[in-house]
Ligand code: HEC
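Only one chain is given next, in structure tokens, and it is the form predicted alone.
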């Protein structure tokens, strides 16, 4: 017989017994659940044999009508987001009419006539373009950028920024958007002022956030784990010396990769950023059977994967070559460009356009890229 004192806490046996009773209850519940599940499988098999289970078909791979892609209506988007649009003021219209009567031919126009042709040496044509795409895209009246007594003057810094952004817009459309890989019949949606601004003149700064800021990390253009859409590990990627291939986003693990999950975190954060930005799941771009493949099991081509790869290059180009030259009024407040800046949760950016005048290639633009970044080789079927 043991002479050791009883060190069992008071009530411990009762607690133990109650746990055992709980386990027995769960086991009994589990037996019932398993029985119901087995019965359900038998019923489902019976329905399959009768051809009545078509409604239960599981779609394992995303299907998409690429040629039938639809753009979100920009006005509906602006109304849903409660963006305050300022119409062109009566004062601005009066000032424009006086200016146009005195200057039917444009004065000191530097961008639109180069990229859109001689028609844009006409003051009325310029006004129509500015009213629809610039004033409308930013949700402001003419006086936001212009001296109403002299529309040709560069008195306001906003006009210089707008001029630089027009050059950026046309150059990016010519280099990247016009060359995006896409199937026959899919519309080409070009970048316009509204694509990024969606009705707000100051649209992309470090105080604005996406609807899911905690997970999306939109503040400052960044993502969780210190990742940013544009950082030293992604910037200035050059062609592979053996293949000439350019990949503006390449985070891969090899036998030489140091221990740890940093590369994995970076890759997954970037992928999550894109799914949130476009409002899609992984299988929109990837084949679930093998994520690295551009083809699904039946041999069809994953166009969105090729397009995303191309557009990541465009974001790099924007950040390296154009953002530093935009002369933002407060550059320290401006966030980096990233996918959400344009897409806002939609496959086609709400402010994109396939009806705007197409820009021509200009041999000597007023603003040139700071350095030439090559286009990645297109991946197509």
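This is a predicted model, so every value here is computed, not measured. Positions refer to the first chain, counted from 1.
Keep in mind the form predicted in complex with the named molecule is missing from the figure; the text below concerns it.
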Q) Of 300, 79, 86, 186, which one comes within 4.5 Å of the named molecule in the predicted complex, counting heavy atoms only? A) 186
Q) Does residue 319 reach the named molecule in the predicted complex, with heavy atoms at most 4.5 Å apart? A) no
Q.
residue 190 versus the named molecule, in the predicted complex: is there a non-hydrogen atom within 4.5 Å?
A. yes
Q. Any chance residue 356 has a heavy atom within 4.5 Å of the named molecule in the predicted complex?
A. no
Q: Although the named molecule is absent from this view, report whether residue 286 comes within 4.5 Å of it in the predicted complex, heavy atoms only.
A: yes
Q: Any residue of 74-109 with a heavy atom within 4.5 Å of the named molecule in the predicted complex counts; write them all down in order.
A: 88, 96, 99, 106, 107, 108, 109
Q) Given a CA distance change of at least 3 Å, are residue 106 and residue 327 closer or farther in the predicted complex? A) farther
Q. Given that the distance between the C-alpha atoms of residue 326 and residue 83 changes by 3 Å or more in the predicted complex, do they end up closer or farther than here?
A. closer
